[in-house]
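Listed next as structure tokens is one chain, alone, in the form predicted on its own.
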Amino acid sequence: MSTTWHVLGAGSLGTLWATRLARAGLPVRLIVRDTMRLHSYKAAGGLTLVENGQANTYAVPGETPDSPEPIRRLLVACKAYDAENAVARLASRLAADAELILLQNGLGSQDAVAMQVPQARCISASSTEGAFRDGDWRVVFAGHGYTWLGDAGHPVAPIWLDDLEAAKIPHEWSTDILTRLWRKLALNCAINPLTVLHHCRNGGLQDHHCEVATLCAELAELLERCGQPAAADNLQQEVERVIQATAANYSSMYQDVANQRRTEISYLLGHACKVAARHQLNLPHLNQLQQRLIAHLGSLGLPSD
């Protein structure tokens, strides 16, 4: 029998994965924050996936972190700033051969999680799939994309990739996952903060070409210094392509700010600026962007960590 997929985090990507795995007949369990959330979840009757205008609900069993069942496979789909503490609450439930799949944005949280659970194998994921919640326990599949998975310390692919095949989750095992993560971080740093500060959809950044180009040059310099030349290659062209391809979309950071939610600034722009400082690399526009964003979040009463 297939190993149960425990899904931690009922945000857009967690729900998107859980519903597709359940649809394929694979065993899935959703871990929610506490008893109150569990009652809310049970009242909803499961997780709902809206795809091509069609809504289907899947009765994925729910549980709280203190449920006694051991966990062998854990999809960590909560926000980067919640991941470390959320996994720490589950550490005692992890089996000796447990595997964690980390779906967090940016960099920094993956290492923090791995330190909490040294006995487990931690696999990083980088996804370009688009989804958003239009209600509690509901997700709209907004854009088909791809998920790259990899383990920098152990490049052999796990056998459960067959489950992703069965669930029709487009994926690829990557032997250079760090390059993927750095590339995505650079794309996010060049796009997301500017959409917040200019209050625009991604396509609105076409009116700020010089600002985007300057940021790309500094980010490419940072990637080179970090030993990630492949991630730096043609970065500006890729950023411009993404801006054009997702012109009608609002970035995830824009959506967080619009909904008065905490952003993942510390794991995106904050991480980039911290690593630049560690390398004694002077990137004035990137640092200025961080300060502008912190000031803007402060003016809205939102945290900047």
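Just so we're clear, the structure is a prediction, and the values are computed from it rather than from any experiment. A residue's number is simply how far along the shown sequence it sits, counting from 1.
Only in words, not in the display: the form predicted together with ketopantoate, which the text now covers.
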The one option of Arg73, Lys184, Arg138, Arg93 with any heavy atom within 4.5 Å of ketopantoate in the model of the complex is Lys184
Considering Gln236, Thr48, Ser266, Ser252, which brings a non-hydrogen atom within 4.5 Å of ketopantoate in the model of the complex?
Ser252
Looking at 170-178, 191-199, 113-121, 157-165, which one sits within 4.5 Å of ketopantoate in the model of the complex if you count heavy atoms only?
191-199
Even though ketopantoate is not shown here, does Leu38 get within 4.5 Å of it in the model of the complex, heavy atoms only?
no
Hey, in the model of the complex, does Cys273 get a heavy atom within 4.5 angstroms of ketopantoate?
no
Any of the heavy atoms of Val242 lying within 4.5 Å of ketopantoate in the model of the complex?
yes
